[in-house]
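To begin, one chain is listed below as structure tokens, in the form predicted alone.
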């Protein structure tokens, strides 16, 4: 069995993001592996530790800086990696089509991808990838058990959660609660340097013209009212409620 873990490298959640005339200014920003993708890498490793014979490979689509996150996945335990290097800002559907072509060429049976990619603030990549592959898909997974080619998994729904059964091949989106990702150890970081990290370009896969282009980017900024409430507790509480209801319109 071949397991593919799709990952991205995104700005650290604590990083300060600025915009410039041409878009988001990422100079000096610290980048890390997308948090939700970490759960997919961990789950793939746990499947092999549970006795499943599997080759695990990382698949990433993005600029050169993605290498750091890819190396982290190799240090955690993935066997090899494929980096489709591009600086193009591809929309999610186009990304899914390129990744699907790569997954098919590698002969993967199971794909893990983060439930929500932080760079697009979207939950679309997993479903779009499954659609492009024509595979079964399950999102927001919190429990995963593989028996042979049958998956029994629990995922979140609007009303709570449900447990379902599906068969390989499949695309599974991961999230917090599925597992607790491990940290790479120093010996494994050293071993990762010797693992295969194959470089590829968009030209190596089915050509897909972007469906959308970013016209402009801006960070939403809200002006502060800078109002200070004075008086005793009950009086101040009434002032606050009035402001929240009449000015902020949040209650």
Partner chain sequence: MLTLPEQFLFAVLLIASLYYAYLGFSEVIGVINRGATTYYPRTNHPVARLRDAIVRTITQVTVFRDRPVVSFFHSFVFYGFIFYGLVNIVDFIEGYVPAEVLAPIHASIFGGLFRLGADVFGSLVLIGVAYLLSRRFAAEDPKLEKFNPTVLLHPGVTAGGIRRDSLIVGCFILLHVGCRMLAAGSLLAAEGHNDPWQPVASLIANVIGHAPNRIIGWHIGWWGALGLVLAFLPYFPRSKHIHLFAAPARFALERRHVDGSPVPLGALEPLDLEDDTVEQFGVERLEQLRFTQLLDPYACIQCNRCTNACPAHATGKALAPSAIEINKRYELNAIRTEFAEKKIGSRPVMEFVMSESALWACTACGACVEVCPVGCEQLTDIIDYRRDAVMTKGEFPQQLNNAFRNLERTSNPWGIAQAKREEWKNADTVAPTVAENPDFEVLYWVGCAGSYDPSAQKTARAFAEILNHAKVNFAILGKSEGCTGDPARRAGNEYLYHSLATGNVETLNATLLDEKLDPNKAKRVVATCPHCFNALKNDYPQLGGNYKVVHHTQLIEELIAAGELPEMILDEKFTYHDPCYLGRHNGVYEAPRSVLTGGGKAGATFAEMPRNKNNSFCCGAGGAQFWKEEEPGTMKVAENRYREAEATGAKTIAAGCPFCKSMLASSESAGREGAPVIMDIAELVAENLRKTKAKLGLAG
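Remember, it's a predicted structure, so these values are computed and weren't measured experimentally. Numbering follows the first chain given and starts at 1.
The form predicted in complex with the partner chain is left out here; the points below concern that form.
Taking non-hydrogen atoms only, residue 194 approaches the partner chain to within 4.5 angstroms in the predicted complex.
Among heavy atoms of residue 189, some come within 4.5 Å of the partner chain in the predicted complex. Using a 4.5 Å cutoff between non-hydrogen atoms, residue 230 does not count as a contact of the partner chain in the predicted complex. When contacts are judged by a 4.5 Å heavy atom cut-off, residue 30 counts as touching the partner chain in the predicted complex.
Stretch 174-182 is the answer when you ask which of 125-133, 100-108, 174-182, 144-152 has residues with heavy atoms within 4.5 Å of the partner chain in the predicted complex.
Contacts to the partner chain in the predicted complex (heavy atom within 4.5 Å) from stretch 35-53: 38 only.
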